[in-house]
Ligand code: NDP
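Heads up, the chain below is alone and in the form predicted on its own; it's given as structure tokens.
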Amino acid sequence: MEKCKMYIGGNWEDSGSGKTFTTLNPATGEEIFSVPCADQADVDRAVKAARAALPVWSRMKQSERSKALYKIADAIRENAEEMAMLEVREHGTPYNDAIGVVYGAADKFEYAAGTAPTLMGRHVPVGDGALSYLQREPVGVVGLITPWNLPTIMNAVKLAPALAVGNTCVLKPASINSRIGLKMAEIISQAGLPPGTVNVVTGPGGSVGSALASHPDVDMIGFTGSSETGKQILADAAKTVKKCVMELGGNNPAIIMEDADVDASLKVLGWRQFNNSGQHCSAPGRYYVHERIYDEFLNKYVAYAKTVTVGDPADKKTVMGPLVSQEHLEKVQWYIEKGIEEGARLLYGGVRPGNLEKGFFLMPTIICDASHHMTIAKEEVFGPVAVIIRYSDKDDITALANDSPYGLCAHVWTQNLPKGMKLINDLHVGAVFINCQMLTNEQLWGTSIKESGLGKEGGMEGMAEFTDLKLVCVNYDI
């Protein structure tokens, strides 16, 4: 079992206490990495290192910071195979997806490097004899707490924009796949950033994450995870009134209208449902399928699910790997059982594949004849489980779609575009996808609606979250 170290102030270190924890291969259940278990003292050292590096990094020319990020992007690509295999081993990502995720992470740093120079302030006209303008500045020391579901890409999503505009960072990767976060630190260490610009501490969110969120010398928190954990981090951050940007839970409605192209919808939604074992915040959470195409949709969804090869994520033929942990597998299975108990019907899957004795595997699962008020339709399952609800013209489909504490995104499928586009203003979500789902580096991601988060990620708007706007006024008529 490989032993790992944390990255603090440009050095590789054990935890001060000497305590460690292990991470597992979710495809086999075997222990693969021994990782330092940080405590408050370790967080203090990391924050101190970030604070010391801030004057150097933040005052660099933007062109120099961008050059450093381009180097990080190049280093990620040079180490793509090793990073992809870490995703395979520690998260269970199928290889073909893992290699794409790594190159996607490189793209995040490259996009941030190219975009940061264009993120400027603006002139504010105030009359003759005076000058007024708004100038953007880095927030300062940023604590970044990343999720386990997309470890490599989410580390890049947060680090790249934060660094590009001059912040220094303390990253706490998800405990369950910490080695992936530490590999990112190895890559960044090759780019020649001032020591302390990026620090990585590992350990439980309840202790290490809380220590970061409540730390008086941390200026901002960027977090992705569950709404419940996000609320606790907000409570911790409130002690020092620090800025928070949060991408939290989702239970995204997919409205399949009577004239929808069912085959086209399943190519997009089916892939999104089962890719990464359904562990996507943007995956469909509940499908509202018009009664006139309900049976067709079910039959074609089962046919699609049967094409999904579940197995060893290192095998290039595998489409869907394991869930991330035994605990999460049991949680998803509980939702399936609860749905059946409340009257829904298990149409396909719901069990471990018969040929896989080890690991945290589950077949692609389709639950049909569900109702809007069932637990499995109201809560975020976060697994490879499609929950399908029949609706008719008598139903207020917009009201059903909006009846959720979450507001991350919504999917609409119809060949009548004017009809579909009428829903855009009525759906209370941060993103609406009509006959598609696409997320590019230039697009923002739809947090800041209800319990799905605060602020924005991605694009120019997401990068701006890592800056403060300072008002400058000069009277030159003297």
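Just so you know, these numbers come straight off a predicted model, no measurement behind them. Residue numbers run from 1 along the displayed sequence.
The discussion below concerns the form predicted together with the ligand, not included here.
Asker: Sort through 180 to 188, 115 to 123, 334 to 342, 220 to 228 and report the only stretch with a non-hydrogen atom within 4.5 Å of the ligand in the predicted bound form.
Answerer: Every other range fails; the passing one is 220 to 228.
Asker: If the cut-off is 4.5 angstroms on heavy atoms, which of these, 196, 249, 278, 322, is the one near the ligand in the predicted bound form?
Answerer: Of the listed residues, the single hit is 249.
Asker: Just one of 313, 364, 203, 284 has a heavy atom within 4.5 Å of the ligand in the predicted bound form. Which one?
Answerer: That would be 203.
Asker: Is there a heavy atom of residue 253 no more than 4.5 Å from a heavy atom of the ligand in the predicted bound form?
Answerer: Because no heavy atom of residue 253 falls inside 4.5 Å of the ligand in the predicted bound form, the answer is no.
Asker: Check residue 174 for me: does it contact the ligand in the predicted bound form (non-hydrogen atoms, 4.5 angstroms)?
Answerer: Within the cut-off, so yes.
Asker: Check whether residue 145 has any heavy atom within 4.5 Å of a heavy atom of the ligand in the predicted bound form, and answer yes or no.
Answerer: Yes.
Asker: Classify residue 73 as contacting or not contacting the ligand in the predicted bound form by the rule of any non-hydrogen atom within 4.5 angstroms, answering yes or no.
Answerer: No.
Asker: Give, in sequence order, every residue of 113 to 129 that has a heavy atom within 4.5 Å of the ligand in the predicted bound form, or say none if there are no such residues.
Answerer: Residues within 4.5 Å: none in this stretch.
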